[in-house]
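Only one chain comes next, encoded as structure tokens, the form predicted on its own.
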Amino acid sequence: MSKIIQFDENAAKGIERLYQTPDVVGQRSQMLYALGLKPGQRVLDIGVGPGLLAFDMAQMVGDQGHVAGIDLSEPMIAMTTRRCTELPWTDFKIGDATKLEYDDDSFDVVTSTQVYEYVSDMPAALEEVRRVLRPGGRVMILDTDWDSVVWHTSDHARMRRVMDAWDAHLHDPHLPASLGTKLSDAGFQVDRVDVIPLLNRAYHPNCYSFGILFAIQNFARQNGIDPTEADAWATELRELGDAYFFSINRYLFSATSR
């Protein structure tokens, strides 16, 4: 059972900073290119987060289109609403991925980034996506397999303990391996699967692993790892200097509703 992280206002600001690092900006650019949105399209973003993707998508579909978004976090919804305040063809609200409060056939495209790894009932979530999509509509899902992490360390056993503790905050930390089958079972045709690697060769405030290291350290300290060990794990990585190396894979699935 996952141990849910509460995305309060401070967490929302941290996620926003994380999503503005160049490596995550590049990931978002690849997703936008793969989406290829057209003016006038209607889009739903599930787990809208700080709203960076929603803002870009709203500009792509223009004022003849529509971008809606849901999130379980009120601070995330507030942040996204502020970001898109001058784009009146957008709307955002608190919502559950397994119970979408939209009519059948409402959207041309549904997107979701780093959300379904937290969802316990994936059949229900994907059935809801299929319901709100028009026939032939597309869903694009980006998620991480946390087994893909490569993080240079001198203590591999400690690294494994810390990362195993981090896995506990997710319902399925290895979702991409089974996502294609789940999509097919839900009535989608999987059209494309891509891998988007994030690679950091140095530790600095403007990279993805800088922020995620803090998140993992704090979560591990509170969830089964002795604080001294969690702090030693983080200190080693921060002091690696030229030997620093971090990589993780994100997987992008594009599928069509049959």
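Being a predicted model, the structure only gives us computed values, none of them experimental. Residue numbers here begin at 1 and follow the sequence given.
Beyond what is shown, the protein has a form predicted together with a small molecule; the following relates to that form.
- Heavy atoms within 4.5 Å of the small molecule in the predicted bound form are found in exactly one of 127-135, 181-189, 148-156, 70-78, that being 70-78.
- By the criterion of a heavy atom within 4.5 Å, Q114 is counted among the residues contacting the small molecule in the predicted bound form.
- Mapping the unseen interface onto this chain, Y102 falls outside it, with no heavy atom inside 4.5 Å of the small molecule in the predicted bound form.
- Contact check for V119: a heavy atom falls within 4.5 Å of the small molecule in the predicted bound form.
- The shortest heavy atom separation between Y244 and the small molecule in the predicted bound form exceeds 4.5 Å.
- Taking A97, V110, L175, C84 one by one, only a single residue has any non-hydrogen atom within 4.5 Å of the small molecule in the predicted bound form, and it is A97.
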